[in-house]
Structures are given as C-alpha cells and as structure tokens.
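Below, in structure tokens: the form predicted on its own, a single chain.
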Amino acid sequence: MMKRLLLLLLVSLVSVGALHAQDSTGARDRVRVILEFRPGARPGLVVLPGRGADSVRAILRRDLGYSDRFVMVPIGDPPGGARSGTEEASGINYQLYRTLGANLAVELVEAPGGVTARLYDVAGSRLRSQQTVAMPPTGDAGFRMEAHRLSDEIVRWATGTPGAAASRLLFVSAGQVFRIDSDGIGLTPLTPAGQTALSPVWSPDGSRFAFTQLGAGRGGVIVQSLASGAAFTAPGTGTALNITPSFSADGRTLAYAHSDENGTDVYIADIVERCCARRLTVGRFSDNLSPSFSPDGRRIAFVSTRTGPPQVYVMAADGTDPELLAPYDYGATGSSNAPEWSPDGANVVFHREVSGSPQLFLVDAAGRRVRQLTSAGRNEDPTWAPDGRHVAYVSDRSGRRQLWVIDIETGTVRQLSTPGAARLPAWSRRLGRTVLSPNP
C-alpha cells in the first residue's frame, strides 16, 4: 500500500510540474529545452512548494534547471501555494524528498521587502545556507534580473561557483540588434529597424555595447550606452568597413577589423580618450579579422588567411608574436572563424567547416588540444556564458537559424526561440550583483 501511495504521489507531482510552465506575466515560456542527462553525474534538486513568492519560484526553477548543475526533481505548487500539513508542523520532509531522488532542496519564504532563500542538504537532513534578499515588486523592470541573481547565488551555495542566469544576450535579426535575458524572455530592440547592424558585443560591465552600422558603402563601429542611448563612433572606424569589434577586459580598448583597398587588418583604439587607433596586423597578403581579447588583456585571438584558408591565430596584445592557435587537419576540416576566449582564459571556442558545414570547436589555449562540440546541422558564431561552461551559438537544426545553448560539460542543449532568423550572438558577463544580508 505504501509503495502504491508513493507511486501515485510521484505521478501527481510530475503532472503538476508539467503544467507549471508560465513566467511571472502569465505568458507561456518561449524557450524550448532539450535535456540529455547523464545518470549519477549531478545531484537531484527540488524547489519546494510554498506560500507566496510564486513568480520568484517559477524563475528559480527554470534557472536552476538551465544551469545544468542539477537533475531537477519536478514538483509543482499545489493550489493556494500551501505545503503539506506534515511539513507545516515539523519542517522539511527529508524522507519524502530523498525518496523522490533529491539531494538538495531550495525553499523560498516571503520576507519584508524581499524573500528568504534556504538551501537544504536533503541527504544530511540539515539546513545548509540561508540568506534574505531584497526584491523589487513583481511589475518592476528589475524584478526578473534580481530573481536571476538569486538563482546564481543558490548555484554558488550548492556548487561553489555561481550560475549564469543574471546575464543577457545580444543578437542580430533582420539587420537589427536585439537583447534577451539568458532564459529567452524580455526581447528588446536596441537599434532602429530599417538600418543594418552587425557584430554586436557587450562591454565588460554591461553598460554599453558596440556594433557595426552599415550605410553608404561603409561601416563604422558604434559604441552605445544601454541606459541613455548616447553613442559615438569608435576612433579609426569613420571610413571604409569596420567589423567584429571586441572590448578589452578593462573596457578601455576596442579591437576591430578594418577593411579597405589594402586588405583587412586588426586595429585597436582607446575608447576612453577616443583616440589613438593603431594597426596590429599587416594584411598585404592576407586578411585578419574577428579579434577577441583574452581575459587578462595580454593576448588577442583572431582569424587570418596568412597560410591559406581562414584559421584561428593568437598574438600579443601589441600585435607581436603571432602564431597558429588551433591546429587543423588538412582535408578533414576547412575554414575557421569567430574565436572567443572563455571567461577563465583557458579555452577559445570557434566554428570550423567540417564536410562543408560549420561546427563548434574548443581549443585548449595552453595545450592546443582541439575538441569538436557539435555535429548536427550548421552551427556557428559561438559566444561564452559568464559561467565558462555554456556557449550560445546559431544553428539551423530546428529548420531555421535560431539561438541555441550548449553545456560543454554534459552536451545538454536548449533552444532560445526568437521571432525571426538570428545571427551573431554575444553573451554578457554577469550583470550587477545580489546584495545579501545574513539572517540573525
């Protein structure tokens, strides 16, 4: 009888969880997720039902699942948000959640001006972490980002490193730059329709972005404030075609590719003083483009045709000591493009043609070992999440060019659905920080 009751409980909980697929506005989640779990690789985690904080709880469940650090135990909230009478009287029902496969449990409780978040060690039957977080009202423009920041903090409690929920992506669709949250919600246009924009990229602090604005047969690199919309043209980009901008880690220097009748070369400019554009490569017999600064600012990965098809190289930040970064097999792979350093500087991700179709690859910057990440469809233009384990990219595997995210540790993928065809994504660093105060 006990086993039968437990089975009925499991079926009921999974059914309720399947229905709980709406965001804080009541709109259905626009992000489709394909999960491929490796049994035993990650702890089970359950977000407990409860009274109040429903919108935060819904965002939290999604973010923790997207972190790919846990196997989520699907439990929906019962009508009225009440927990069971047993739990109300005596605390967390550790035995129940152990039976459901949870190793960790997250609880949210409304607090004055915010919520209290608790992380329980289910296996050890103990409270592991507890913090109270200020939270704006549900309708506030900053509400969702604060919930994302709380999600990242809970990931840090559980694993030692924060998640990547409190971040955003830029991408281009129909020539216009758009912004979305890491979970695919909050689509916002950042440049006017009717213009042609390319190569958007975030500043390190997330306050600005840079992009190429095409017009009159040329393209300048525009640096624009997200808050005010104020913009200026980066030094050295007022003539010819200038593409693929990249910020240095301190936000002071912008690298870009400048293309004219003499070829395509990598330049850098000081965007604080707004001066001093300087060429780093010599493209007399080759093209050099797609620069990406290493996190320490000492090196730049870039693409060059100096030995034939475009391949990924690395040089010092002053343009000296260029060398091939990603070894390749002639005949097995083709042109490479779009390199980007990982947040920890250990790897560079890029796309490379395999049998005529672009696929994502990862190269270890120290050992120069190359690993292929994708194989289905056409996959290109990768960009790192701030957690250093997720990569967003463009793929046509669903039938049209859309944004996808891959976890490089497990191979889990999910799609970020956009209204039209997407191109050239760029992932921000973590935006702001959660202000936490310990409970007495």
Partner chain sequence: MRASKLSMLLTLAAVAACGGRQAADEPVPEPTPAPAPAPESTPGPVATSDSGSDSERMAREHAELIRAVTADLSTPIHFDYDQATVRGDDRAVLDRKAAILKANPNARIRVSGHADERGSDEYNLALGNRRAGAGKRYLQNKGIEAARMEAISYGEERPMSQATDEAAYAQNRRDEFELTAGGETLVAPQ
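Positions refer to the first chain, counted from 1. All values derive from a computational prediction rather than experimental measurement.
The protein also exists as the form predicted in complex with its partner chain; that form is not presented, and the subsequent description refers to it.
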property: Stretch in contact, per heavy atom within 4.5 angstroms of its partner chain in the predicted bound form, of 241-249, 318-326, 125-133, 146-154; result: 241-249
property: Selected contact from Ile222, Val115, Leu289, Ile271, since only one has a non-hydrogen atom within 4.5 angstroms of its partner chain in the predicted bound form; result: Leu289
property: Sole residue of Ser173, Asn93, Ser294, Ser259 within 4.5 Å of its partner chain in the predicted bound form, by heavy atom; result: Ser259
property: Any non-hydrogen atom of Phe285 within 4.5 angstroms of its partner chain in the predicted bound form; result: yes
property: Interface membership of Ala365, its partner chain in the predicted bound form, 4.5 Å heavy atom rule; result: no
property: Close approach of Arg429 to its partner chain in the predicted bound form, 4.5 Å, heavy atom; result: no
property: Contact test in the predicted bound form: Ser203 vs its partner chain, heavy atoms, 4.5 Å; result: no
property: Triple contact flag Gly263, Thr305 and Pro309 to its partner chain in the predicted bound form, non-hydrogen atom at 4.5 angstroms; result: yes
property: In the predicted bound form, residues of 180-217 near its partner chain [heavy atom within 4.5 Å]; result: Thr196, Leu198, Ser199, Leu214, Ala216, Gly217
